[in-house]
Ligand code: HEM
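Coming up is one lone chain in structure tokens, specifically the form predicted on its own.
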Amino acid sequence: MFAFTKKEGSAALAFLIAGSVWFVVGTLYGLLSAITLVAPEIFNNIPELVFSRMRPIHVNTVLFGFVTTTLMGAGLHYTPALLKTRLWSERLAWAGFLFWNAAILSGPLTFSFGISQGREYAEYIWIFDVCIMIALILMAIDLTMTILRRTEKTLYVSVWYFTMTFFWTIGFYPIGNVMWHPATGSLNGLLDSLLLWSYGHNLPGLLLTPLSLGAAYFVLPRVTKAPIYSHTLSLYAFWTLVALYSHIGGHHILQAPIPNWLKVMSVVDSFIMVIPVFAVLFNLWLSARGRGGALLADPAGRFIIGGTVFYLLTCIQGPVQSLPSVQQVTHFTNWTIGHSHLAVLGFVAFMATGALWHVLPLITGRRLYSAALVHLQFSLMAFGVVGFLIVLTIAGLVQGHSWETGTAVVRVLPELAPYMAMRAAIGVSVLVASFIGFYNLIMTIKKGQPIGESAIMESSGGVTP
């Protein structure tokens, strides 16, 4: 019974399929949420579809369900491949899969009825926080044992990023979700805000970013058929990421009465983050120099190089908007929503989707069903990211300017209406992209042309540091 759970690569494939499903679910709720901002009365008779319940479903399903789950699936393939060994326990990875996805599924089932912890990015109720922690611990154990049993002496940087993601998240997730208070999942007063935004910034910094960079360091050298420019530089970026990113969440609450030293440290280190960011980008871009044509022609490579561009834009905009003088205009406006879409749908989702299309043929032994559909998906997602950024940035500046000049909210809302309509229209392109991706994945598994045993063995080896 359940013999399939012992098949090599089966857990990785399960994560990839689940990630594609959550992409559809997450973007569907995102579009429904956007529609309510255009026509607030449209779902008034359906309590489960009010904005305040759909938004956390959208955010958590995209963040934990789509991008994180997809990157987990990719990592479960490339980590054993780079270590030249099998995953220590396929069934342990399957157990992690079940606990992880049970938590993701709980979002639509509980948030729809108003059952949540009511904290940004920390809405899952306590029992499903426990599920997430169990999944993280199981994955950490499985990866650690795989590393200890490896036949490859060198730990390539992708293995560093992927494995340590689980240990970092095991550390900050229970603190940010205040798991020692199961009844509320929160504390009282300013301390709760400090814990929440330390956690809220560590999610992109110590969960999404290392998973994304691990995938990029795996895919890009393989597509270009060239070694990484500098293995030393890649590890330098790794250590500076964890040293600098873990304590800059305070720039989200500069308007709150937090200590001035914490405000200064958060803003200064937000700018110093250019060190690991540019170390990564220079390393990846120098690895690809002279081979840009191969990257753009490859379905996965196009997503990865696009992800690096969005990573650059995200990490320029982030420090700038951490300045108090800028926040005075942009904070609590649609500007920050545009920034979050740039980071998650731009940087992280492009890395996750690129990793998906590169790893899927290696796991299934089948060529992609349609490279043309991958390119179409790329175009739709790129249109969505750029469109969201432009529209939401303008809307945010309209809001910020109105607050600066003391304009009444009732006068501002009609000015925002056309931008909210454009936001919903742009969201259609991203939803279509999610359906195209899911269809292409299923058809690849069912009808993709077999690659052949020798080609699979050749393509699944390590990346030369």
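Residue numbers run from 1 along the displayed sequence. Bear in mind that the values here come from a model prediction, so they are computed numbers and not experimental data.
From this point on, the text means the form predicted together with protoporphyrin IX containing FE (HEM), which you will not see here.
Using a 4.5 Å cut-off to protoporphyrin IX containing FE (HEM) in the model of the complex, each of L37, H251 and Y311 places a heavy atom inside that distance. With the partner omitted from this view, the residue of P221, P319, P361, G387 that lies near protoporphyrin IX containing FE (HEM) in the model of the complex is P319 [heavy atom within 4.5 Å]. Contact annotation: of the candidates N177, S158, T165, N334, the single residue with a non-hydrogen atom within 4.5 angstroms of protoporphyrin IX containing FE (HEM) in the model of the complex is N334. Per the 4.5 Å heavy atom criterion, protoporphyrin IX containing FE (HEM) in the model of the complex is contacted by stretch 60-68, the sole one of 407-415, 436-444, 41-49, 60-68.
The closest heavy atom approach of S186 to protoporphyrin IX containing FE (HEM) in the model of the complex falls outside 4.5 Å. Residue contact with protoporphyrin IX containing FE (HEM) in the model of the complex: G30 places a heavy atom within 4.5 Å of it. Looking at F347, you'd find a heavy atom of it within 4.5 angstroms of protoporphyrin IX containing FE (HEM) in the model of the complex. Interface residue remark: L295 is not counted as part of the site for protoporphyrin IX containing FE (HEM) in the model of the complex, having no heavy atom within 4.5 Å. Residues W197, P204, L208, T209 of 184-221 are found to place at least one heavy atom within 4.5 Å of protoporphyrin IX containing FE (HEM) in the model of the complex.
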